[in-house]
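Next up: just one chain, as structure tokens, the form predicted alone.
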């Protein structure tokens, strides 16, 4: 029985890795890589480090507007699915590859499963939120990481084939953290000592495409001591186009995108993390690092409720104050359960072999 996974961006690869290894015990698998990310640091290095097989298909979609990307992914994925005729398509998270893959699958009448279903930040201005909602309403099986995700789906009338399985990213960290600690030399390369620096990432359109917000965040970054900024290629391009990159790189330590191992080590050893990434918020929580989120809303509401994540948006003063003084006020709760990959395997065995 054949399963196809549609992936195309860093968060997809991290979720795919533990599940692919588990599902291969019972299923033939295809990997369809849309090419949404195509820089080595955002793409190939994850396949190498996480021991994911080379994709069976690489669609080469590349960059573009959200509409262009989703349209090209839908069109090109459909061609592969017509040829391969899998019994199930799996999509991951909330990227354009996720939505494009889900739409291609459901329009062909192929059963679709969504890993990391039910997340909501309740801000439809965010492209990722649109991707989440449409993917969930297009899917036949919904694998939720948390209790709140299940409740979100119930409020939208989705209750059939909804499973709370835990989080595959927990599996990925458990499998790879010790390997990362052996193999990564990123702290030495950047001359960093554990818990003496603040790690920052910034890539979401709501922050990078509005110059006023971007400048406010960067002004805060410049005033935070010992800041390490891992700069996304798209963010760097926008900085360069607006004449901001050279000045910023003189004032703070900046790096290009990093592989999974290096990023895990930087996250684990940071004093705090500043980010607008959903995945980095969750990794911060799993690695016991306080997180300052550069957004007004988050899909990982539980991390805020637990007191380990604070939302500051693009408010320069709030960013600076939180970077200085934000500390969790309570013990960390166990929000994200391990073992999701094995639970998904058992559910899919029952679903595909008995229906």
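Positions refer to the first chain, counted from 1. If you're wondering where the values come from, they're calculated on a predicted model, not measured in any experiment.
The form predicted together with uridine-5'-diphosphate is left out here; the points below concern that form.
Annotation: in the model of the complex, residues 11, 267 and 280 each come within 4.5 Å of uridine-5'-diphosphate through at least one heavy atom. This chain is displayed without uridine-5'-diphosphate, yet in the model of the complex the stretch 254-262 from 254-262, 75-83, 189-197, 152-160 comes within 4.5 Å of it by heavy atoms.
When contacts are judged by a 4.5 Å heavy atom cut-off, residue 167 does not count as touching uridine-5'-diphosphate in the model of the complex. The closest non-hydrogen atom of residue 120 lies beyond 4.5 Å of uridine-5'-diphosphate in the model of the complex. At a distance threshold of 4.5 angstroms between non-hydrogen atoms, residue 111 is out of contact with uridine-5'-diphosphate in the model of the complex.
Using a 4.5 angstroms threshold between heavy atoms, residue 148 stays clear of uridine-5'-diphosphate in the model of the complex. Shown without its partner, this chain lists 57, 27, 46, 326 as candidates; in the model of the complex, only 46 has a non-hydrogen atom within 4.5 angstroms of uridine-5'-diphosphate. Listed residues 216, 180, 230, 227 were compared with uridine-5'-diphosphate in the model of the complex; 230 is the one with a heavy atom within 4.5 Å. Applying a 4.5 Å heavy atom cutoff to uridine-5'-diphosphate in the model of the complex picks out 203, 204 from 191-210, in order along the sequence.
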